[in-house]
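Next up: a single chain in structure tokens, the form predicted alone.
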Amino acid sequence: MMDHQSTVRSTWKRPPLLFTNTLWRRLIYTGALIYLVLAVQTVEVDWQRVYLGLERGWRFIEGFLVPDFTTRWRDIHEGLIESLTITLTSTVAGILISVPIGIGAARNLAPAPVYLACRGIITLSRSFQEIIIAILLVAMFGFGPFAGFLTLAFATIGFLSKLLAEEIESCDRNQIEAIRATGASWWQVVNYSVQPQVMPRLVGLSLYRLDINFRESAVIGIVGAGGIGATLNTAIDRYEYDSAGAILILIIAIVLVVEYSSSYIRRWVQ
């Protein structure tokens, strides 16, 4: 009997991560469950439309299983070339602009006014999703690949500048101070101390952004920013699910090629 009691006393029970008071914990969990049930009830579901959607969804799966690459091949080819062009040009332009902004946004290299200005640019660029920026730019410049190019270049600036600035701020301080101790100028400190430390990371991030930009080019094309997304949207609007399936398969294939190529290049650089 004593052994059993000592076993019970010695049994450890993990304390709750949140709300250590049992009464408050039960009240909060019950309130959250009630809110979830009430929130689900506010969702209006048209079951007839769901039924029709299932039928269309099955037709789309059939088209995906038997893709048609030939009927709309000319449109698909033009859309892919346009998407690849948008992806490559916007990535290069975004990298060229991101490097000085990333250096200016590094607290250990830039004076306070430059730091605040560059951080403001990064914050502005990261405030909106690509699809929202694409809608605004399509409204400003009209339908076509130019709006897609500007959208992806703008998004690349926010993504790459922020990560590059953080990489520079985490550089080995001893190497930077050693170069400064020789009487080197600011540019020489960047060139001989910071650049060797961050270059492998910059190459890896640039390739990763290239991969993201191709996928995003398919998304923003749906709102009129050109590329293979516009071709995909047209195929779906025409109920040509076999052509849409062919486009999706090509997008997956290109993303896989870019992914494996970028992984190889990153390993080679590092």
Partner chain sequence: MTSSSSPVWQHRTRKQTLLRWLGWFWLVALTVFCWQLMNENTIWAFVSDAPAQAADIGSRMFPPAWSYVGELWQPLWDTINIATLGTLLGIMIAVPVAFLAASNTTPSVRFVRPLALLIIVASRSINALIWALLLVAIIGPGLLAGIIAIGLRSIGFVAKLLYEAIEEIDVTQVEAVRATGASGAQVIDYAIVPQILPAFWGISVFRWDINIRESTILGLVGAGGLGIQLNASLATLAWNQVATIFLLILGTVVISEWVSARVRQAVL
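Heads up, when I say rigid core I mean the largest set of C-alphas that superpose within 1.5 Å between the two forms. Numbering follows the first chain given and starts at 1. Because the structure is a prediction, the values reported are computed rather than measured.
Note that the form predicted in complex with the partner chain isn't included here; everything after this is about it.
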Within 4.5 Å of the partner chain in the model of the complex, all of Ile131, Leu136 and Phe146 (non-hydrogen atom): yes
Proximity of Tyr115 to the partner chain in the model of the complex, heavy atoms at 4.5 Å: no
I'd like to check something about Ile251: if you look in the model of the complex, is any of its heavy atoms closer than or equal to 4.5 Å to a heavy atom of the partner chain? yes
In the model of the complex, does Leu23 come within 4.5 Å of the partner chain, counting heavy atoms only? no
Within 4.5 Å, heavy atoms only: does Thr85 come near the partner chain in the model of the complex? yes
If you apply a 4.5 angstroms heavy atom cut-off, which residues in 214-236 are near the partner chain in the model of the complex? Arg215, Glu216, Ala218, Val219, Ile222, Val223, Leu232, Asn233, Ile236
Align on the rigid core first; then say whether the Cα of Tyr29 has moved by at least 2 Å between the shown form and the other one. yes
